[in-house]
Every structure is written in C-alpha cells, then in structure tokens.
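Below, in structure tokens: the form predicted alone, a single chain.
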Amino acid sequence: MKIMVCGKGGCGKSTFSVLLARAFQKRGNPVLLVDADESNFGIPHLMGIEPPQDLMASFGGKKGFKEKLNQKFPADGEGIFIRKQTIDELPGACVAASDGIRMVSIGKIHHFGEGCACPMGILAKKFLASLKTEKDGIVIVDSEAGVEHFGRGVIAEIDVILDIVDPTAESFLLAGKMGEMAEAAQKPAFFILNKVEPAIEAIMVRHLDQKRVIGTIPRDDVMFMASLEGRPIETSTGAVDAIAEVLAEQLL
C-alpha cells in the first residue's frame, strides 16, 4: 500500500507521516517513508537520524537528472527508474533507517536561484511507479504543502490519500479541493483532523465531507514541546494511539 499524506503548510503532515510510519512498524509491516517535500528539511530531525543523500543529488542534481532523463539509450541500460526495483537496489547513501523504518528523500531546494521544483515532481512520480514493495509493505509519502502533487500527477502512483486538516478555514477549503481532485483521479481520499480540542471538533466536521473523516488526533502538548525544542518525536504519546486506531479500523 502506498499512502500519500497531504495538507496545507503547518497542518502536521510530516509529524503525522512519522507517527503513521511508526504505527505501521509496530504492527509488523515493513515501512518506507518517502520525503517528497522539496521545501521541508524536518523529517530526519523528527526521526532522530542524519539526513540521507537525496535521490536528485545522486543523479548529479537537476542538471544531471535532466541529462539522464533525456537520454534515448541510457549508457547503463537502466535510465531513470524505467523498471521495477526494490529499495535495496538504491544507493546506500540514499537510504536512512530508524527503529526499523527506512527513509528516502526525493530532492530539496538547496541553493539560491537553482530553479523550480518541477524535476522533483517528475522524479517522485517515476520513483513511486517503479518501486516494488515488500510483502505487506507500506510506503508513506510526505508531500509538499498544497495540491501541486495532484497537478503533477504524482497521485496516480498512490493507493490512498490522507489529508491532514487542522482547525483553520484555509485547511477546510483545501480539503474540499483535494476531495474533488481525488475523485477525478479515482483515488480514495480521507481526512484526519489534527490539533483538535473537544470544543472545536464538531465545528471542524461541519466544514468537511463527513464521510471522508476517518480519525481525529487531539492536541498533544508533549508533541508540541518536542517540536518547539527540536527534539525527535516521542512514541509514547496519545497521538500514536490515535493513529494506530485509525489504521486498525480504516486502512488495513
């Protein structure tokens, strides 16, 4: 199963992606966490690991990637992910691991004036299309904020879309748009309410397509302080239990 985690900036996508990965790992599933957000450098920090080399850099950056992409007959006979492959076939420097969860980063904006992130979208789509998962394997993709991955067609390679909705009007509007685009792509999409306090949960649900709401994560002060102080996410929080419940009831 390939799951994409979506939402507006600051809604908690990366934190949720890490917690979701840990919840699946605790259930015994092999888990690969794919960082597909070119503007966010936080997932290794959340996992407590050193950042791996990103896939784009392994091709020599955008220039090297474009050159390989444009080769009619690639010298190595492989091209850019033109066949099915496992995570074990990637360069070792591009894969990091923490507590049994492996992580890959698609690419980042590293330098002033280096250009747009479109090549990362192409690489993400090719990588996900070519990835051969293990038996019972779970791939969790932490996407960039907004809907560009819908426009790029990256979600064509995804099985389930999870939109993280925080208590803001902007998040409700984006959720509506993502629901429409997911339907057009014929992909199942569900909403996870995040940073929820009892007094506002009913208000949030009223602003959404209620049949898509499959879980609620309460505001968690332990998680908030870890984020504020730059510490890796702890696994012994109520948020983890909430996610595990969502998994058990809806995703597996």
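Note that the structure is a prediction, hence the values are computed from the model and not measured. The first residue of the sequence shown is number 1, and the count goes up from there.
Keep in mind that the form predicted together with a small molecule is missing from the display, and what follows is about it.
Only one segment in the set 180-188, 23-31, 211-219, 60-68 has residues whose heavy atoms sit within 4.5 Å of the small molecule in the predicted complex; it is 211-219. Using a 4.5 Å cutoff between non-hydrogen atoms, residue 2 does not count as a contact of the small molecule in the predicted complex. Although the partner is absent here, residue 224 is a contact residue: one of its heavy atoms lies within 4.5 angstroms of the small molecule in the predicted complex. Residue contact with the small molecule in the predicted complex: residue 10 places a heavy atom within 4.5 Å of it.
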